[in-house]
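The form predicted on its own is given below as one chain in structure tokens.
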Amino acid sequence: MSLYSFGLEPLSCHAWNKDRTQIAVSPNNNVVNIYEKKGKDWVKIHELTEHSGRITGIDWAPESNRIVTCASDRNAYVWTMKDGLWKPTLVLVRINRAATCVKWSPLENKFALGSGARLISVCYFEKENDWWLSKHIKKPIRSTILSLDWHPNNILLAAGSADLHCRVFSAYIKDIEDKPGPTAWGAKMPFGEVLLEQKDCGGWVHSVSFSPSGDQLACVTHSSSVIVVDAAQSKQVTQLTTEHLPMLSVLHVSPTELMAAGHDSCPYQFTYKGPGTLKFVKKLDIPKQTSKGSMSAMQHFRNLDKRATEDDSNELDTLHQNSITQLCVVSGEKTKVEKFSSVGLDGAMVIWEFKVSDFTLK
């Protein structure tokens, strides 16, 4: 079972390199630590220390091997490996509130950054001046952007917000890319065009995920709901309100299967095969074995007396001992994910092996 601990500090976000031999994590402060797998252990090999505020987002571009980070200090940096060291380049994001999330586009020629400034900065590299510029999407956002995901066509961008809305925007930048063709979400795509505005989400939209085809958009909200908007079926909305605690991250692991995780400290599998068919499948976890069975009655009551409580254990029966903050693909494509990782407030990272018919931990 691959449960790894990176210390006692909460892990707010993480990202993998292309071959999954290195992982970048932030222990809830202004530093990004990069670990490398050596045998069974993860060994720290780099420390990125340019930010002055808490890191809120990390993304690692697989092909160009660049890391983008953002933080509550209102800055973003693009890190490039030069002579064995990670060198930062400042991005002109032009925001006056904390950055909250960041995501490379599929072609890695731009990235999107969400913030508390009620806007999205779409950043791209300008060769003439050798810097990263940004264009802003402002309307009709009315609160903090909490999550972002790119459509496979590299143009459309989904955003979940604290104004209880989930939206899809066009992030087409004519200076750096060809005119996009029509999609199921719409045909006209000038920069900032709103192609979807899903209003009745019932709570903050913590995470959004496009399906492998880009025709469906899943989101999880603070009302413990999972919502799927199907552009291939005239943008029909299917909402499932669960009995679980709110989920903070959602991920497509196949065209029909979703993984979501959050305050319940374990991943849940959902399936969607068309409008009205969103269903909960199962919980992915192996309950922790407790030592209660081998404990004598006398020892059991001594323990209760010592703690002055009736509950003789405050351990959860899940692998993670606190909320899961983020899920990431480890192996396979979005069409067929074989393994995915989760990090949580307990400072742990778990790698889960996924099969549509069954699941195991490796």
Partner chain sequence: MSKNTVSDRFRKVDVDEYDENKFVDEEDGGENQGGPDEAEVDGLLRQGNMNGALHAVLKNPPINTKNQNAKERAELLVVKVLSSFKSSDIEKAMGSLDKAGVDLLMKYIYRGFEKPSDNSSAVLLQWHEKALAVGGVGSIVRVLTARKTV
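Positions refer to the first chain, counted from 1. Values in this document were obtained by computation on a predicted structure and should not be read as measured data.
Heads up, the form predicted in complex with the partner chain isn't pictured, but that's what we're talking about next.
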| property | result |
| --- | --- |
| 4.5 angstroms heavy atom contact with the partner chain in the predicted complex for K235 | no |
| 4.5 Å heavy atom contact, D83 to the partner chain in the predicted complex | no |
| Close approach of T89 to the partner chain in the predicted complex, 4.5 Å, heavy atom | no |
| 4.5 Å heavy atom contact, E108 and the partner chain in the predicted complex | no |
| Proximity to the partner chain in the predicted complex (heavy atom, within 4.5 Å), stretch among 100-108, 150-158, 196-204, 69-77 | 196-204 |
| Sole residue of D163, D285, E257, D215 within 4.5 Å of the partner chain in the predicted complex, by heavy atom | D163 |
| Residue (of S265, S134, T242, T183) lying close to the partner chain in the predicted complex, criterion heavy atoms within 4.5 Å | T242 |
| Stretch 135-161: residues contacting the partner chain in the predicted complex, 4.5 Å heavy atom cut-off | R142 |
